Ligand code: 1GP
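The chain that follows stands alone, in the form predicted alone, written as structure tokens.
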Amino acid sequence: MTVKQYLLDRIAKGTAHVALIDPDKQPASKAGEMAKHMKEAGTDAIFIGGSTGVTEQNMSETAIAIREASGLPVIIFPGSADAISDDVDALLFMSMMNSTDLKMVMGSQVYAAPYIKKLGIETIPMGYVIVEPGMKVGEVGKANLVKRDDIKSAIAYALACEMLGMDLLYLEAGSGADKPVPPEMIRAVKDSISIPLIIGGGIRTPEAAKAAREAGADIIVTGTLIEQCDDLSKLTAVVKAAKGN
């Protein structure tokens, strides 16, 4: 089974949860422990990546540690075309749709495509749209941020992603954001497209996770919370709220 099909099967049962682990934030062994905790909490898969500091080496070491510790699918959430490893199960082949830097929209993808093909990594095409406040990813990606009340633009980007043939759409408020993507925007975007919708950034409480799920998120991603919280009961509460358990 492909990783894409695995995710689709999970979504068919209800909202899925994915943990995002940044290889630059801790040693690989610690990342493995985090992934194990998240599996125990009920997460469905692991994204690995970050906006800065990710290399082929720490990506590979982290992927291996996570797979050994958790057995969950490991998916690259790329921040750079130079930080790719074949020690993963799949790669999100994504375009930052609202970047003002062509490299983020398509340049890095063209640069990396032959290497990814050579490695034989499964790719999952994904449109990536950055919503206020955007945080570090918005800054590094030179994003023309979608304002929190600009639902019209969010829908336009979402439709463009689907019409371009993307398999997934990710609305991102940015790691560590003080506010997640508004439920009103999630609901409107979900109603406008037929491809799965991923929501991430600023989801650190069961209430925020529940709001995103009830608004229509197919996959909810948490990252900063995992880095900052060692309390498995709190992590489990967020995952359960995301999945509606």
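Bear in mind the structure is a predicted one, so any value in this text is a computation, not a measurement. One-based numbering along the sequence shown.
The form predicted in complex with this ligand exists for this protein as well; it is not shown, and the discussion that follows is about that form.
Taking non-hydrogen atoms only, Arg204 approaches this ligand to within 4.5 angstroms in the predicted bound form.
At the 4.5 Å threshold, heavy atoms of Phe77 reach this ligand in the predicted bound form. Although the partner is absent from this view, Gly127 stays clear of this ligand in the predicted bound form, with no non-hydrogen atom inside 4.5 angstroms. Interface residue remark: Gly174 is counted as part of the site for this ligand in the predicted bound form, having a heavy atom within 4.5 Å.
In short, of 164 to 172, 138 to 146, 99 to 107, 118 to 126 it is 164 to 172 that has heavy atoms within 4.5 Å of this ligand in the predicted bound form. No residues of 81 to 105 lie near this ligand in the predicted bound form, the criterion being any heavy atom within 4.5 Å.
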